[in-house]
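Two separate entries follow, structure 1 and structure 2, each one form of the same protein chain as structure tokens.
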Structure 1
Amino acid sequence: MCRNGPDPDCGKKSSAPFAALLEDSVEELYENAPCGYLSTLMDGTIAKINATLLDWIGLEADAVVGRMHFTDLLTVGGKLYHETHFAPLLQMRGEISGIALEIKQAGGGRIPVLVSSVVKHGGNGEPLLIRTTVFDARDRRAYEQELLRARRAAEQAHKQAEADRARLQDALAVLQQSLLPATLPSVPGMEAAAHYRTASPDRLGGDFYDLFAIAGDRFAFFLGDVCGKGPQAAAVTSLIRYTLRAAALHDPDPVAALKTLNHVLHERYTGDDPRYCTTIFGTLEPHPTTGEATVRIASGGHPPALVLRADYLPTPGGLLVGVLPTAPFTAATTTLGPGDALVLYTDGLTEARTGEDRTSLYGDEALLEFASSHAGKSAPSVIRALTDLLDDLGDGLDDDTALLALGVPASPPPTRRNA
């Protein structure tokens, strides 16, 4: 732009570079264009080709013009595609654009290209020749191949991650099973059933339960919940299980067993990483003559056990096990008669989220109401009912849940005698 007053030569000076550019002849623009140009007769014979395309294929014009067809420049696959798709579509539409092909080089190499063609017609509408533009697609092909390699690498990484996850889940399942009894022992005159539900297959649960013989016809049982998840919680669970089993063999009193466990946990997990649990420990002594069973239990901060008969009876709680060096625990005693069942559970059940918005907790009252409706049923039936309840809660279960039911079978109906 001229800024210093009128200057008759200003316009000429500013347009000089553009004039120099326009001095390029049409022929030069054709020959040295950044893409390949060629014109062929309707049978494909090459009538004209620019220097750019000749340089790509490595041939002289005399060897190509009038001597080769367009398809002679293509690879075998390109020829097949030209005959089956390219040529028929061009004849039908009169033009075709952006077709990916490969052209051969004199030295044996290949160049990926994008080809566009249009049919030129004469004044009477008769097709005269085909004008074709060829764009070098080597950079594009390299980019596409890089994307393809990246995609394959991502797919392989995803498959590897899935395989690793499957192996991890298998390992966690085996480890989880090692922390629970494989089967429950047979208790004379009684029925026992249990269920364990993990909130996530990708992590170890912290809930636990067990039932085992201690002396004579007496049995011990426990159920609880460790603070935390994962391998650390699994280590605590293993310690709890073997501590309570050893304590029961030494002194089966429930309060003594919990005190022993409290001492072990507090001594083992002191410092910056305290570990504790809630648990119920009890002993079970069936009476072979009366059909009843005496139960003595003590709770360490755990939700109360339920005794299902005509009504239900919560058991006293206590302090979390492992929090303090010494902790008070209280024992309770009850007798299970025919048709009665003792049910132990972890708070994964009562703290399950319910409602459409999943903001309400299932709660103790709902569990008591549900349990009371199954009073008089066998222990396996109660566990099946609670398992169905867990299924109904679905994704509202955020925590693992352990269930253990011990029941005395209902007395069989009296046998009728024929008069």
Structure 2
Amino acid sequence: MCRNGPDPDCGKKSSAPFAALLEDSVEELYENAPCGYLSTLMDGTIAKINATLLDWIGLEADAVVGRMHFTDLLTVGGKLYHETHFAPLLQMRGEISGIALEIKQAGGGRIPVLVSSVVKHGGNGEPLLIRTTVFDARDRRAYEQELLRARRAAEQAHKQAEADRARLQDALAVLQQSLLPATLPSVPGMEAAAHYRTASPDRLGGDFYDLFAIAGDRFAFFLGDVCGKGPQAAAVTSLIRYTLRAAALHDPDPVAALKTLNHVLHERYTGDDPRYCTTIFGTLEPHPTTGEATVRIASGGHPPALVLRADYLPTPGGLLVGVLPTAPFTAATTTLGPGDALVLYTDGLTEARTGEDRTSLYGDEALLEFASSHAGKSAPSVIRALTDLLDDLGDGLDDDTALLALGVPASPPPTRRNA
């Protein structure tokens, strides 16, 4: 240490070892610095350049000083970048640092470099010249290229994943549509409407419904809920739909149709992969003369149908379909008069979470209240009202929801359909 020391030779003595290493030569420090160093006039003409940089570019000072511009050292891409980014920034800010460029070598090679420049100003603030340092960035650039490659690969993979996802969703949507009727048939003297929504767009729903003509003027319908979701549930739904359709043609008795379905499901899904469903199956027999319609239904463990004039149409005691080899199903019969509608639904509706904190369930009471306030409305308007209700429930809907309404218009209707 040599602080405030009385010895006048103190400084000399301590710098002597450094002088011996020639580190007192500013010229030497400049010329052989471990970086390129150059000064240019404000128009870019090179006024001074150190030996390190000359060595990198492979030229003599005579060929460069006063003869070349800084941009002459750069590749064409680098020149463009210099003119569009580097020079304007330097002019606006008086300095710029760490810009990645490439310099050309006399032999045709290129060296990736990092360039920093600062404008030297005169006493009156006028810009005099530009000082620029150039650092060899070969290793760093190789590393950055790796990073860039990795980023591009990641971006590409991300795009591919997005595309795959979109394609999968399209396929799922098509599959989902195949599980539901595209439109409802028109039933003479009646109106029918349905609504279906999945809780999540990328998951196949497990709810199903259908309405179709059977022998004579009669129609059959069903609505239900398969346990589980996804492709497996969809496969079960497909089996259910075609089984019930065939069964209804063979024997239109609702209980018989459910027994057939029970047999098929139980036989098909045994062992460690049991699959079952809840469903209401029914037939519809319109009487054009009276304007009424006879409804016969059977339920296998499904929430009771609503009759929009009064009440539920109770079907207690029916068992889940597909669990036991033989299962009891509960039948019920009613007659729909003008202004009456039968509404089938799945528990996605009754078990929707409501309230501020989404902790209570919509529930049977609320559904009954809905029924009484909508008594006398047409089937399409009931479905519209329920659809609005589902919209209001929003993220309270955890599960898929299927809705099917069959009604006798209060006054003789134009035949309407609404899928």
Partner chain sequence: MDIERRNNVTVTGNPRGRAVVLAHGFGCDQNMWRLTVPALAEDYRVVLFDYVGAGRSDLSAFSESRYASLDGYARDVVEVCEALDLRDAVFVGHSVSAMIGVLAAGTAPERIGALVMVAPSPRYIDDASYRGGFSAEDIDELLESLESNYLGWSAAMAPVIMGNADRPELGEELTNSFCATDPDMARVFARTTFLSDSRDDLKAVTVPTLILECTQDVIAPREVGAFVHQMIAGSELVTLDATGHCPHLSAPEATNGAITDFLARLR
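All residue numbers here follow the sequence of structure 1, with the first residue given the number 1. Note that the rigid core is defined as the largest set of C-alphas that superpose within 1.5 Å between two forms. Just so it is clear, the model here is predicted, and its values are computed rather than measured.
Peer 1: Specify the structure that is the form predicted on its own; exactly one of the two qualifies.
Peer 2: Answer to the question: structure 1 is the form predicted on its own, whereas structure 2 comes from elsewhere.
Peer 1: Checking residue 285 here: with the core superposed, does its CA move 2 Å or more between structure 1 and structure 2?
Peer 2: Not so; residue 285 is displaced by less than 2 Å.
Peer 1: Tell me whether residue 186 is among the residues that move between structure 1 and structure 2 (Cα shift of 2 angstroms or more, core superposed).
Peer 2: Superposed on the core, residue 186 moves its C-alpha less than 2 Å between structure 1 and structure 2.
Peer 1: Note the number of degrees the smaller rigid part rotates with respect to the larger part between structure 1 and structure 2, based on C-alpha superposition.
Peer 2: So the smaller rigid part is rotated by 21 degrees.
Peer 1: Fit the two forms on their core, then tell me the C-alpha shift of residue 158 between structure 1 and structure 2 in angstrom.
Peer 2: For residue 158, the alpha-carbon shift amounts to 3.1 Å.
Peer 1: Once the rigid core is superposed, tell me how far the Cα of residue 148 moves between structure 1 and structure 2, in Å to one decimal.
Peer 2: After core superposition, the C-alpha of residue 148 moves 4.7 Å between structure 1 and structure 2.
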